[in-house]
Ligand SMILES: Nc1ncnc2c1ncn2[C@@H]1O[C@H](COP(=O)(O)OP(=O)(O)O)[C@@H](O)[C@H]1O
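In structure tokens, the next block holds one chain alone, the form predicted on its own.
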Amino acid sequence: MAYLKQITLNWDKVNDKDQYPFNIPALSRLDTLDLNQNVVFIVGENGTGKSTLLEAIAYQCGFDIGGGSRNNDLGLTDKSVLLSSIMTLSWMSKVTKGFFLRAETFFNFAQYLDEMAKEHPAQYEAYGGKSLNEQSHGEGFIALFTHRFGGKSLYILDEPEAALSPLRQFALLKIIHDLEQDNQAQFIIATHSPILMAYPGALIYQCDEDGFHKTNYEETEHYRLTKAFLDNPERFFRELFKVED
């Protein structure tokens, strides 16, 4: 059972539509977005607005803009939160537990956890028992997913593949499957990874200058480009490097 069913952007509340982030083309064309699925992927090129949308959703849900749960405050700010001021969330059953993973500020979150643990060492228990900064970036991500994720929760993940090898991306898929199969968790994920977005039964949105569009996995540019390259890398190199036959 998906918890967050839909988001609505109330454009009548915007005074200046030329102001960031309201002027991002994909977002400016968005009125409502259906999220009625346990696993939702938002895919698209950098700069199209997918991360901005996730950050605003996370902020509206009460998560810190820098990442973490509702109880964390990393002291970071971002103009993307302005989008949350015109955002209405529609819930089936509102949840207050969950986590916002923002790959680009994960170091800040790990550092925040270290500061908290100086006075309360038990802070590490929910993350595998040791500092996330004492592990590789990928190990820290997996420790977070393995130990921190669980229960009736909403997880918003912004490019979680950033620190994960292909093998560890499969490990994340297994964690997602184990949590969502019992209808105990919903995942909303922005990603470039053709491995992650292949998750069976997921709802996929393509984000581009024309807006947000539902699409099938094999219709995503990520899948088509990756498959075409793996099928014939030599052809890509000839074109890329302008190599003559």
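Please read these numbers as outputs of a predicted model, since none were measured by experiment. Residue indices: 1-based, along the sequence shown.
The form predicted together with the named molecule is left out here; the points below concern that form.
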Q: Sort through 237, 229, 11, 20 and report the residue having a heavy atom within 4.5 Å of the named molecule in the predicted complex.
A: 20
Q.
Only one of 206, 186, 51, 191 gets a heavy atom within 4.5 Å of the named molecule in the predicted complex. Which one?
A. 51
Q. Does at least one non-hydrogen atom of residue 62 fall within 4.5 angstroms of the named molecule in the predicted complex?
A. no
Q.
Please determine whether residue 79 contacts the named molecule in the predicted complex, using a 4.5 Å cut-off between heavy atoms.
A. yes
Q) Should residue 45 be counted as a contact of the named molecule in the predicted complex, where contact means heavy atoms within 4.5 Å? A) yes
Q: Sort through 51-59, 193-201, 214-222, 173-181 and report the only stretch with a non-hydrogen atom within 4.5 Å of the named molecule in the predicted complex.
A: 51-59
